[in-house]
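We begin with a single chain expressed as structure tokens, specifically the form predicted alone.
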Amino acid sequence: MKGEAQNEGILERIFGLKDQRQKFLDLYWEGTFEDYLKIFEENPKIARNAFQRVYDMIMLYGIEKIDEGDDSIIKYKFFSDPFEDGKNAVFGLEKPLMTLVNALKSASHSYGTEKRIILLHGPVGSAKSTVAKLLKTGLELYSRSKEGVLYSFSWQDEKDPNVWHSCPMHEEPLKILPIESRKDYTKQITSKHQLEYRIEVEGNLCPFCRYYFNTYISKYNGDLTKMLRDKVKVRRILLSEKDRIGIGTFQPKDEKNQDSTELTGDINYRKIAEFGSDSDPRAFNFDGEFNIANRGVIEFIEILKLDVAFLYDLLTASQEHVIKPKKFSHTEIDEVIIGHTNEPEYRKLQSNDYMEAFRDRTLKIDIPYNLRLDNELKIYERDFNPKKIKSKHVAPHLIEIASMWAVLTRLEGPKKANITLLQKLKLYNGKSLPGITEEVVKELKKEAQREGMEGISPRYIQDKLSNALVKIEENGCINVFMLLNELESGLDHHSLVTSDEQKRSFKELLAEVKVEYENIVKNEVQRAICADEEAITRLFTNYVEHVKAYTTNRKIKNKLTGEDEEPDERLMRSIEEKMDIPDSRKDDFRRELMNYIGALAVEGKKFDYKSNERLQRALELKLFEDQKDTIKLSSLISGVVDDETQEKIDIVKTRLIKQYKYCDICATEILSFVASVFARGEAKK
């Protein structure tokens, strides 16, 4: 007994914690038709059509404006997956998603796009099905919220008053009202509310509900009021793909096995004996994907693989908003039809003259691969981050280099001879390069209309990252070269890379990103070696002192000998050359620098070399040149390292770990690699 009391207390605590009982009552509300009308008069939005509901759902999560030059781009936060902590977030598709949301907005105002099939078209792995999944998942949660509430109804059984039959298509309760009185009533109520769009409940009841309506209206001699009070019960519905309410998904099977009844329902042969006819709607299962998706969304996976007969069903479903169940007249539906397909299937559609009507009723939205490096990075960082890979370390820049290669494979070669593909990638990522204006970037985008529709899929990168991670031991570290080898060897067996020319091109791009990685790590090692801020500050002060003396035609006193000497031209040029300042412009540069320092001094400010990236990099390179021989990186190659050198190398390693997130393993590897790079450079000299 004591155990039972304890259990009862636990249950009460659980249910009382979030007021579960009240929440349940709200979600599974039931009432009379008159109760429903009172709710409608307070909130007419409960009778929205599917397009209006989906559009409102997206807008509920808010927007964010992004400036990309002259382009004003809207980012819809809904597609960042706010309901599953970003698990299915979509990155870098702001423009296609703007097109999608604009189509839904247009449809919600009945401007014509409500009569179209929304076709997401793009290469494999470009997030087409993820977008559809977000819409379906979001709609499920939205129907459970106060903003997304919607209702349907049930009919009382003719024989047993305790049995109620739900509308199989979850229709709007107002559809029971005759069309004319319904139209006048909704217009009268909605005119009192400031709504963005018109609420119009159109169409007739489904065959199942028409049967009960006709039966009961005859029984009550046309007294609709009494029939509604006695025989109709309204209930809140929760859209759910698993429960087949308001959300449907159709995936084509083998062409020989495709059957249109999967979309529009079929006769229930066991009930024919009970009801006496196969044309009795009670003997029909209105459970096709079109039927159950009413009031919500239906997704067609690989829509263009459907049998031609199915595509004709889609024409009437999109254009007329009706379907044709076997043995019954046309039945109205209210749902967003969204399909997705890949490039080969779409090309086949374009070449098929018989499918012209289908193409005409399709709103194609291109969903390309990412062309912005930062967005591509986010895809892999979501799955390959320290929280998920607890016992293994991913070397710095590994995901960046993989993303860089993926994006390069999707870019078209620039027509401008002075711009490389790698520079184009950086420009697309928002980096400014000397001599290249915003207009040039716009031109690059304009001349490559199909960019992003071909190239390496994110799935390939994810697979190779997984392979590389599996191969290293616990507490090991995966470095960039391991991944580059995985990416290259995998191309020989890649099912989507069939052309030798394409394979060769992708391998050349791998070599290009390897060179870029070499430059990145060289810079980091150089900065780690010369990370002594005091030494850089002394060098900077010395440089400015000599420039000041040079521009004012003065001499500098040697602190050791006490003699006046000419400014050290060799010191000044060793720094200026690292900023790509030619000898012919050195005088102008030095005067500009001193004028700028003087102008800051007038304002009471002091010039800081850190505010000038080029100057800071030049100072670091100069200091590196002065110090690298004292560290003896070359000794890492021979493997013979004395205690003094080892101490200095350990200091550099510590800086790499602290400042650049290396681990002890990859810091050691990268120092050895950079040492070999410098050794090759010295050998060439």
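Predicted model only: the values in this text are computed from it and were never measured. We number the residues from 1 along the sequence you see.
The next section is about a form of this same protein that is not shown, the form predicted in complex with a small molecule.
- Using a 4.5 Å cutoff between non-hydrogen atoms, Arg382 counts as a contact of the small molecule in the predicted bound form.
- Within 4.5 Å of any heavy atom of the small molecule in the predicted bound form lies no heavy atom of Ile556.
- For Arg459, a non-hydrogen atom is located within 4.5 Å of the small molecule in the predicted bound form, even though that partner is not displayed.
- With a 4.5 Å cutoff on heavy atoms, Phe310 does not count as touching the small molecule in the predicted bound form; it lies far away.
- Only one segment in the set 139-147, 277-285, 123-131, 609-617 has residues whose heavy atoms sit within 4.5 Å of the small molecule in the predicted bound form; it is 123-131.
- Proximity to the small molecule in the predicted bound form, defined as a heavy atom within 4.5 Å, holds among Ala406, Cys209, Val90, Leu398 only for Val90.
- Only one of the listed residues (Asn370, Thr331, Asn291, Thr362) places a non-hydrogen atom within 4.5 angstroms of the small molecule in the predicted bound form, and that residue is Asn370.
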